[in-house]
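Single chain ahead, written as C-alpha cells, the form predicted alone.
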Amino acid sequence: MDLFVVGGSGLLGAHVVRRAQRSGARVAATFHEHPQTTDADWHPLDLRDQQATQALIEQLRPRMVINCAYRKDDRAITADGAVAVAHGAAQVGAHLVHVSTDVVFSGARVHYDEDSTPDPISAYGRAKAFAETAIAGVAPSAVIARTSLIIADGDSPTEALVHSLTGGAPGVLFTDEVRCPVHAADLADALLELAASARSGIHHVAGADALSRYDLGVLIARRDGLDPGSLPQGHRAASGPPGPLDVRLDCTRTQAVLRTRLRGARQFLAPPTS
C-alpha cells in the first residue's frame, strides 16, 4: 500500500485521496460514517479506539500516512487518536504527515513561522498542540503540517455559510478574525509532496493572502454570483466564541521547498473570466 489517508471521507481527506489516485498511487482511506465514492480501499474507523487504529495501520503497512482527521469538540479524536496514528505509523516505518492548525496560536503575535511556540487559548487549539508535541516524540520523522481555513470549489463549510447568509440565514461574518485561507487542492498536493519527501518537523502550509472572514465571504459571494452587500458583519471580540483573532501563518520556508504553489484566496476565488 502506497498511502493511507486517515479521515479520507472529509473535505481535505477526499481531495488527498482523489489527487493521490490520479497520480497512480494505491490508496487506502478511513471513514467514520460514510465512505467517498472513489475506488480507494475504504475502512471504517473510530479514532477513539486506539487499539483498532494501530491494528489497521499494521494490517495495511503503508509507505506513507496522511492524517486529516479531527473533531473540534472531541479531544479523544483530535489528540489521542492522532497519537495512536503516529504510533501505528512508527511501528510499520511509514512516513507520517499530520495535519495541524493555526489555532495552536493565540494571535498575540499575529505573524507565526515554523519556529513559533504554540500558545493555544481554545480547547481545540490545546488538543492540536498536545498532538503536535506527542507526535514529535513518537514519530520524530513525521511532518506536522499546520494549515488554515480550507476552501474548495463550493463544498467547504465556509462557502456553505456564505450561501446561507446571503439567503437570509441568521449569523454574521467576523471582520476582526483574520486567517490565511488555502484551497483544498493546493493543500492536498502539498501534503502529498511532503509525504513523499524525506522532510520532517513543522511545516506551514496555508494560503498567500491574509483575509478576515468577512472579506473572504465577499470573495466567495462574488465568485458565485451572490450579492456581497447582503452579508452581515460582526466582531468576534465582542460577540463570538473565545479563540484567536488574527493568526497569519508565515509559509515562506515551506513554500521554498515545495513545487506546489500555495495560492492566495484572491487568486483562487477570482470570478471566472468569459
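Just count from 1 along the sequence shown to find any residue number. Since this is a predicted model, take the numbers as computed values, not measurements.
There is another form of this protein, the form predicted in complex with a small molecule, and it is not shown here; the text below is about that form.
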(Q) Check Phe130 for me: does it contact the small molecule in the model of the complex (non-hydrogen atoms, 4.5 angstroms)? (A) no
Q) Does at least one non-hydrogen atom of Ile150 fall within 4.5 angstroms of the small molecule in the model of the complex? A) yes
Q. Does Arg199 make contact with the small molecule in the model of the complex, using a 4.5 Å heavy atom cut-off?
A. no
Q. Is there a heavy atom of Ile77 lying 4.5 Å or less from a heavy atom of the small molecule in the model of the complex?
A. yes
Q: Indicate whether the candidate residues Leu192, Gln255 and Arg266 are all in contact with the small molecule in the model of the complex, with contact defined as any heavy atom within 4.5 Å.
A: no
**Q.** Candidate stretches 134-142, 164-172, 106-114, 120-128 - the one whose heavy atoms come within 4.5 Å of the small molecule in the model of the complex
**A.** 120-128
Q. Of Asp46, Glu58, Asp41, Asp224, which residue is found within 4.5 angstroms of the small molecule in the model of the complex when only non-hydrogen atoms are counted?
A. Asp46
Q: Could you spot which one of Cys68, Met64, Leu216, Val247 gets a heavy atom to within 4.5 Å of the small molecule in the model of the complex?
A: Cys68
